[in-house]
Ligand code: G3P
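A single chain, nothing else alongside it, follows as C-alpha cells in the form predicted on its own.
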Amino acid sequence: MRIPFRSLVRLVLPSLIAACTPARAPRPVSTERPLVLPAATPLVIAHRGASGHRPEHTLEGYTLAVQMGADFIEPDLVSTKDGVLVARHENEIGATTDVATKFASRKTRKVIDGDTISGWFTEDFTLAELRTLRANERLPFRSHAYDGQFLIPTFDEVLALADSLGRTRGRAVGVYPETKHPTYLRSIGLPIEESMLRSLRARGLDRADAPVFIQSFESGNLRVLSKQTRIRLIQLVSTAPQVTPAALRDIATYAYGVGANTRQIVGGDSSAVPTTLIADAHAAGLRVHAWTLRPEPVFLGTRYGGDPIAEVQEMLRLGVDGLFGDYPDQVVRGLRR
C-alpha cells in the first residue's frame, strides 16, 4: 500500500527532529523541605507575640513565641503617616512606647470609631520618626525589664522574620494579621488592606492554603477582602447577636472562621456552663479561634481556681480550633498535658 508523501512527512519528521535536537538536562529537583503547619488543632497563636514575657508587637517577642512552640504570631496592623504598615495593637501608642518622652508636643485628641481618645497616633508620624521610639510593656503588673530596648517593626519585617524562623525550625510560622480601625484609616487616606495584600503577595502568601489568617472586628472590609484574596478570613466577634446560628451562617458566606472571646464560649464564673457557640459555628462550617488566654487573676476565670492550664484543657475539651495566648509556652504545656 502506498503512503501519501504528506502522511509520510507527518510520520517521520517528528522522529528526525527529536534525533537532531540535543537532549535537555533534567530539571533539578528542589531538596528544600516544604514548610507546613501542623495538621492537629488547636493551633497555638501568640497574641501580639509572647506578650506575657516581652513588650508586645516586637520582633523579639515574636521570636520568643516561636521558640516556645507557637504556630502563629499575631501582628496588629496600623499605618504610619507615610503609608507604611507597622505592628501596634492600636494607632494610639502612648502606653506601648516612649513617645511621650520623645515627642511630648505631638500629643493630640481624636475621635476614632466614635471614641474620643487623647494621645499619640501612628498616622501622625513617619516611619523614620517611629524608628526613634522603643517599645514598653503596657500592663503595670508585668515585667518592665525590657522597656526601652526594642523597635517598632513593620509588617514586612514581621513577614521576613516568620519566613526565617520557619526555615530554621523546618515548619511554617503562620502570620495572623489584624486590621485595626480599617474604616477610620481609610477615611484619612491610609487604607490598610491594599498594602497588606501587596506584602503577602510579594511572598507568595496569597493562597487559600497559605499559613495566614486575616482578622478584623469590622465585617465590611472582610466582605470586600473575600472578593480580593483567597487568604482565609476570620471575623472577630464580641457580642451575643454576632454568634446566633443565623449570624454565624452569614459569616460563613465570606469567612473561614470566627475569633471569639473565651467568655463567649464559657463564662468566667465557676458556675458558668459552656455555650453552644463552638457547636453552632462548626455546624455553619466555621472554625473557632478563642481569645485571649492569660494567667493573671484579673483575666483568668474563677472557674479555673487560679490554674491557667485548666483553661487550656477546657477549651480543648470543648473543641476549639485555635487558642490565642499571651504566654504561648503555657498554652503549649496545657495542650501537651
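Residue indices: 1-based, along the sequence shown. This structure is a prediction, so every number in the text was calculated from the model and none was measured.
Beyond what is shown, the protein has a form predicted together with this ligand; the following relates to that form.
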Query raised in the report: Can you say which of 142-150, 214-222, 181-189, 117-125 gets within 4.5 Å of this ligand in the predicted bound form, counting heavy atoms only?
Result: 214-222
Query raised in the report: Any chance residue 74 has a heavy atom within 4.5 Å of this ligand in the predicted bound form?
Result: yes
**Report entry** Distance check, residue 236 to this ligand in the predicted bound form, heavy atom within 4.5 Å
**Finding:** yes
Query raised in the report: At the 4.5 Å heavy atom threshold, is residue 47 in contact with this ligand in the predicted bound form?
Result: yes
Query raised in the report: Would residue 134 count as a contact of this ligand in the predicted bound form, using a 4.5 angstroms cut-off between non-hydrogen atoms?
Result: no
**Report entry** Of 292, 302, 41, 67, the one that lies within 4.5 Å of this ligand in the predicted bound form (heavy atoms)
**Finding:** 292
